[in-house]
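Listed next as structure tokens is one chain, alone, in the form predicted on its own.
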Amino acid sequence: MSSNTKASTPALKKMFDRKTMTDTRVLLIITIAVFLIMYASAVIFLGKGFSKPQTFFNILNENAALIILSCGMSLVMITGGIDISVGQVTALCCMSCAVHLDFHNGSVFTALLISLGIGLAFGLIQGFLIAYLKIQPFIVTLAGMFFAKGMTTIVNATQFNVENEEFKALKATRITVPGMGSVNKAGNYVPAYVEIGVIVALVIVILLFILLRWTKLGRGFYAVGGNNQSANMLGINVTRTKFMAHLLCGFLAGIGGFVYFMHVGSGSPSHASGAEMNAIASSIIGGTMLTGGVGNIVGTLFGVLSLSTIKNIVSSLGLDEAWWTNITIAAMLCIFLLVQSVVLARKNRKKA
């Protein structure tokens, strides 16, 4: 047996050891396993389309913004909160950037600042109302959702494509993935690629993973979501921690809004419709518990991938009607909520 194998064996044993198997780790393993089984089944039973690397990269391209929004959602859900305004904030960011670029001769850099500013403004105000004034997160973010929806229409009520040349060049930028291309029907080699937004999304996943695992603030999120009183006794500022979670969620909504804008290249009041529900669903599938205290950003990433994969599978089966996708997602959510209930019951038995 090689030295590398010997070194990896204790790590694997530790990962699956019952004593070290936390709720977060259990849910993460289940999420990754479900995604791998679904994707492998699609490759085996639904033809060669799923076996092409570009099919997987297209999932990332189409869902880069959702990954970012879901990461922000996971942060507030870990603290025991929720934010249902992120979808409309994304639409507001898109419309504001589009109007700025086409009607006010703006630059891509200033458009990015506008998007980040909108996200931060929502994060600051909603975080203050929730953390410091103790108003329920659902009520505050519901108001934020309606406000963002109204503001989007005020900025511009019609859909239009952005014609700014600087932005169009940025939107058309592709990053080639070496060695992952495929040969088309004409016999030509087509390189695989990802959009810039995918790189941004993956960097955010890595940064938030580090934040949650190795920083005081990240540990505070879990402590506050697990039990406010216990977190207070540990010297954690619960109010500030909740505020920071919503501030980060708003900031990520601003980033996600610009990434979404780079993908669609237009402004529309209907953009990102239902994105907040998809973000919540992705977080739940990824192992983030609605009760707070449990969650993993890597799991959220796989939650988005699982959600998109099941949509593609349903479409490949010829079930193009919207209700089939909705029914399938509902079934997935029920299954993962059931799994979470089992994990929660296991957690309560340990406390007892």
Partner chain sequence: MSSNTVKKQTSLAGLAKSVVRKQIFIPIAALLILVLFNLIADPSFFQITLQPNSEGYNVLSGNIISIIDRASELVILAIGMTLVTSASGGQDISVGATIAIAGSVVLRVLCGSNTRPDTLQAPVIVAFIVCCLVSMLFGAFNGTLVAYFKIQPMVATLIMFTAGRSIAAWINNNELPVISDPKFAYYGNFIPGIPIPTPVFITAACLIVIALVLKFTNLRLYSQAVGINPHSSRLNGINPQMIKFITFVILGLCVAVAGFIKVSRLSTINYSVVAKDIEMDAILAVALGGNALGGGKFNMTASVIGAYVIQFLTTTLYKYDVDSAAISAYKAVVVIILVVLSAPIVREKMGEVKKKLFPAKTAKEAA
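Here the structure is a predicted model, which means the values were calculated and not measured. Positions refer to the first chain, counted from 1.
Same protein, other form: the form predicted in complex with its partner chain, not shown, and the subject of what follows.
- With the partner omitted here, the residue from 290, 33, 317, 43 that has a non-hydrogen atom within 4.5 angstroms of its partner chain in the predicted bound form is 290.
- Only one of the listed residues (284, 66, 305, 294) places a non-hydrogen atom within 4.5 angstroms of its partner chain in the predicted bound form, and that residue is 284.
- Between 130-138, 201-209, 214-222, 254-262, the stretch whose residues reach within 4.5 angstroms of its partner chain in the predicted bound form through a non-hydrogen atom is 130-138.
- Against its partner chain in the predicted bound form, the set 60, 172 and 310 makes no contact: no member has a heavy atom within 4.5 Å.
- Proximity of residue 233 to its partner chain in the predicted bound form falls outside the 4.5 Å heavy atom cutoff.
- Using a 4.5 angstroms limit between non-hydrogen atoms, residue 117 is distant from its partner chain in the predicted bound form.
- Among heavy atoms of residue 147, some come within 4.5 Å of its partner chain in the predicted bound form.
- Interface residue remark: residue 153 is counted as part of the site for its partner chain in the predicted bound form, having a heavy atom within 4.5 Å.
- Residues of 101-116 that come within 4.5 Å of its partner chain in the predicted bound form, judged by any heavy atom, do not exist; none qualify.
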